[in-house]
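Before any questions on binding or motion, here is one chain by itself as structure tokens, the form predicted on its own.
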């Protein structure tokens, strides 16, 4: 994992940075103050209310099977950073962005966001998995920062992470029939030290960070309280998502935005070979090689 380019830390202590690098995750309690939490909860509730009008999932709102208008069970808000200014501000300019910069250096690159609700009374578990297989990059710097909007205790299905697994085996998330399941096969779990799992509980405003290679999952929410977890993923500035595989390309219009000061590098390293790379034309600015070369001659 790339070391930060600056020794000035914005939110984390050096001990917390060191823990993340050694163990693949870190929990930081009470990062967000009451003002941030009030704004985020209000924004979150807007989408819960909007979900009452739906009978099936759409491009923004993923519903649990037993969702109803009277008892909404919104499973996920997809790409919240693209859908509400409060989520946008937090991810690109707020305390969460500061933590990404502490761990990745400045500037860093935003990849995507999501808000998982995990409703009370058995809200869905997340089976053991690693993230990087879902959205492969050119390196393993990507990390995901989660924010607890409310207190999270053991009954609520907190996230559990296997310490040190971020530098270990990259598991096959297909089953024996080669169907994508998104989870580690039971036969392979024997090679994962599940006895060492640490369950990340904490008060509202706490932040979790886990590396893209860390094995993690969560149990059902058995409490009578909803457990919304707001997630933002970032990578080092010179790490790029590989299009044509996984969820890359479906990560929203803000994906790829730089946070912090500085410019994107002009070089790209793949398989140990570094080359000058073209500018990012994904949002326009390129026509043909003929226009480019004619402009250079003029």
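Here the structure is a predicted model, which means the values were calculated and not measured. Residue numbers count along the first chain shown, from 1.
This protein has a second form, the form predicted together with a small molecule, left out of what is shown; the following refers to that one.
Looking at residue 126, you'd find a heavy atom of it within 4.5 angstroms of the small molecule in the predicted complex. When the small molecule is considered in the predicted complex, residue 229 lines it closely, a heavy atom lying within 4.5 Å. In the predicted complex, at least one heavy atom of residue 131 sits within 4.5 Å of the small molecule. Taking non-hydrogen atoms only, residue 116 approaches the small molecule to within 4.5 angstroms in the predicted complex. In summary, the region of this chain contacting the small molecule in the predicted complex, judged by heavy atoms within 4.5 Å and restricted to 211-219, 166-174, 78-86, 91-99, corresponds to 211-219.
Only one of the listed residues (108, 159, 74, 147) places a non-hydrogen atom within 4.5 angstroms of the small molecule in the predicted complex, and that residue is 159.
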